[in-house]
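First, one chain by itself: the form predicted alone, in structure tokens.
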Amino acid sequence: MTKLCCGLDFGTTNSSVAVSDGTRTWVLELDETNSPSTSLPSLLYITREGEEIIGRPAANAFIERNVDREVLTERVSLDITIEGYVGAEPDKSESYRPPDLSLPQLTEAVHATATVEVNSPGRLFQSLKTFLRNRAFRGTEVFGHNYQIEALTAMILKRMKDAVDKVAGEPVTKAVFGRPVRFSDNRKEDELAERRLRVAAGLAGFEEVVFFYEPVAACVEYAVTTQRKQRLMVVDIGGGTCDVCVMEFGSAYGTMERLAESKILAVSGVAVAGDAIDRAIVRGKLFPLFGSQSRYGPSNLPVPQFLFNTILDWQNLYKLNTEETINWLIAMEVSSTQPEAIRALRCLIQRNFGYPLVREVEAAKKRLSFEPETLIDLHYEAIQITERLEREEFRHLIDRTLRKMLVSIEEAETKAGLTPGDIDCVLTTGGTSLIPAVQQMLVDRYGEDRIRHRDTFTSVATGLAIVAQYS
């Protein structure tokens, strides 16, 4: 059997894998319940019984088992004792001599506790790729078992490796993995993310891993289809990062010859993309509908903003579902200038509707790629939202994110020593590149005739598999 070369694109939102036998390159089906089936949602759901559910079924399992149920929490001890010193502010005069702090009457013990959910049927993990760079996120406890982020990531990678092994008829232990130009603007965080991804790949069964920039792979995927000499730019915008690559290709015939005559002129990237856009919609359109602008009480106090920041991190929404917080919201509702909005906020927390909320926002964003306006529809008990969102308003909401993307594009041009007129073709890939405001930004800079759209979900994996033939 011909040995297969493997290219794997582990994405923030979606993942894909492709193989090449030297004659042809093709992407593999990973999730028959997803559309397209060659794209695997980067979702992991671990049940209380320890079952690992990957992809679209993970989202379905979470919605079926977690949404619209009563969430019960309790305070548990972390078995950590923190010593604190008792007493007033000490005398700071020259004659002051500090007392012996070992004396028992000068210290008291504070026992650390945490709020945990006690009746959850499972945990859903998403955007794990984004957390690879986070030094503070080393692991998490899931029903008594501690999982490091490398192990969680490996569960998704293992699904992809199984698909490769099946078509190869034997274990495939070498792969070219895509990586963004920058996991983070911080060098140490960037190195940490790559190191963690390498460990996760090893846990999934890949013994030899070569990393390759994702936008460069997308550039290769297109370039081998033509013999023309040209300068190409790839703008790859997915869920977590916006990556840009500028390459120059000669006029050679054949994949090997064409790659041999290619040259990377510049790469750049910024850690903002689809997830940041979703959060901008939630802030701009939904926060006010959950009472962010409400006032309450005789002192006309503003609603604390930490409540709304937790909505953005919906997986931790259950931490607000404590008796103290719920009673406080009930009392706030009575004196609020927007009682219905506060009631909706309480419903969101108590009935665990955070994930349906972010799913509807993501769906509305996608609809705006094909429609001039759409509705954000959320109808769950006290949450009755029908909010119109037009493209122009949407563009205004994400203007800050668009500017960061444009800065990254300009950085690539500067590094390459080129002007917009020197670029022969601009290739776009990644789901967020379909947003009309993103497309218009590129058209304004390069002209419509130079924009080419590649396969949204699989062009990077295809390019990685091509590269794998020669690595």
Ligand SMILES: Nc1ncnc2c1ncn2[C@@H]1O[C@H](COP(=O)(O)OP(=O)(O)OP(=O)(O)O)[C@@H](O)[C@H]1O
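Just count from 1 along the sequence shown to find any residue number. Keep in mind that what you see is a predicted model, and the values were worked out from it rather than measured.
Beyond the structure shown, there is the form predicted together with the ligand, which is absent from this document and is the topic of what follows.
Peer 1: Going by heavy atom distances of 4.5 angstroms or less, which of L402, A61, L434, L28 would be at the interface with the ligand in the predicted bound form?
Peer 2: Comparing distances to the ligand in the predicted bound form, the residue within 4.5 Å is L434.
Peer 1: Counting any non-hydrogen atom inside 4.5 Å, which residue from E362, E248, D190, E150 sits next to the ligand in the predicted bound form?
Peer 2: None of the others qualify; the residue that does is E362.
Peer 1: Tell me the stretch among 296 to 304, 192 to 200, 317 to 325, 367 to 375 that has any heavy atom within 4.5 angstroms of the ligand in the predicted bound form.
Peer 2: Heavy atoms within 4.5 Å of the ligand in the predicted bound form occur in 367 to 375.
Peer 1: Does any heavy atom of K129 come within 4.5 Å of a heavy atom of the ligand in the predicted bound form?
Peer 2: K129: contacts the ligand in the predicted bound form.
Peer 1: Hey, in the predicted bound form, does T12 get a heavy atom within 4.5 angstroms of the ligand?
Peer 2: Yes - in the predicted bound form, heavy atoms of T12 and the ligand come within 4.5 Å of each other.
Peer 1: Would T456 sit within 4.5 Å of the ligand in the predicted bound form, counting heavy atoms only?
Peer 2: Yes.
Peer 1: Would D275 sit within 4.5 Å of the ligand in the predicted bound form, counting heavy atoms only?
Peer 2: Yes, D275 is a contact residue.
Peer 1: Going through 15 to 38, which residues have a heavy atom within 4.5 Å of the ligand in the predicted bound form? Please give them in sequence order.
Peer 2: Result: empty, none.
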